[in-house]
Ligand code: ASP
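Take a look at this single chain in structure tokens; it is the form predicted on its own.
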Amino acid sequence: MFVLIYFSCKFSALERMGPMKKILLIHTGGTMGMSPGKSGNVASTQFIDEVFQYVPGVRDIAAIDFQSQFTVDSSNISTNHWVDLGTLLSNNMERFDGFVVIHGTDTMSYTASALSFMLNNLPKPVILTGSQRPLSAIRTDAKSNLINAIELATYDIPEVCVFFDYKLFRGNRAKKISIDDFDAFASPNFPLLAQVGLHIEIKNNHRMPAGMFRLDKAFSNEVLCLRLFPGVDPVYFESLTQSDVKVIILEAFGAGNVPVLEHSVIPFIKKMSHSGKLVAITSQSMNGSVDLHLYDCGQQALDAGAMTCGDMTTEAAITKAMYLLGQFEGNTAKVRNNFTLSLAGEITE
């Protein structure tokens, strides 16, 4: 037993003696890069200087280059930002061993999902991280999130990930669950990719590329998400059958149940289906998978033409619909055929 431990430690030391990995740190905005301003927090213009000032040890982890692609509150992120970011990552894929993207927490799970679909057969880690308090604050989660995200980007985990509060999540499975806690993200239906404590524990749940790397940049905004609630009147949905919307993500109850008696949404689903549009049903519950066969209220939706989101997060379902509509130039039949397939590990088939 003593000999086994000795060789294990020696192997780890030899690994650290190898060439230093090259990491591209990309700043897109968010709380981590904020500094106090007269009217609240404003984006810091010297973020990389702050990184080396407040976290000088990152230079010992990797050789770090810096790029400020755009600086926006993440509430203002759009598909154009996703395309800019995906293009930057693709253009630098051969130059770096890994990538860390500083991003606001509010829409981080949307961007992580979008990138996971765009970056097909991703060969290197792309880790999104952020913080609940600025890097310059005395009591902050920014330092540990940044240090650990950079170190994990030197590992062979070729996925789009989210790192937060000592946990590495698959990006398209992550969801923001808290405004105030440092433990702000969860992965309701998929295990962690890695966890950081005294040691870094890689869980070996990550995907590996199955072909040549490819960047897909087309997205469509013809997607809408609606949340059901008791007493909602579907008459307010009627105009959507005549709109440009092609896919509606319907946040239903429990296993995918919808009202079928008073205020039934079944006629609306039928009208959408007959007009060539799609209704995909997800759940307001975070944990578990939609099963439209389980109850009559779900079966009627399925018979009316609805499709299931399975155990996808709402964020992944929305971005996947936008991505598929973009790839198939609005062809909803092709979107339907591909929506329940796992493109980047976002759904359990």
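Only a predicted model underlies this, so the values are computations on that prediction, with no experimental measurement involved. Counting begins at 1, following the sequence as shown.
There is also a form predicted in complex with the named molecule; it is not shown, and the following applies to it.
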If we take heavy atoms and a 4.5 Å cut-off, which stretch out of 142 to 150, 104 to 112, 191 to 199, 244 to 252 is in contact with the named molecule in the model of the complex? 104 to 112
Just one of S187, S131, S116, N257 has a heavy atom within 4.5 Å of the named molecule in the model of the complex. Which one? S131
S74, S90, S220, S136 - the one with a heavy atom within 4.5 Å of the named molecule in the model of the complex: S74
Taking any heavy atom pair closer than or equal to 4.5 Å as contact, tell me whether T31 reaches the named molecule in the model of the complex. yes
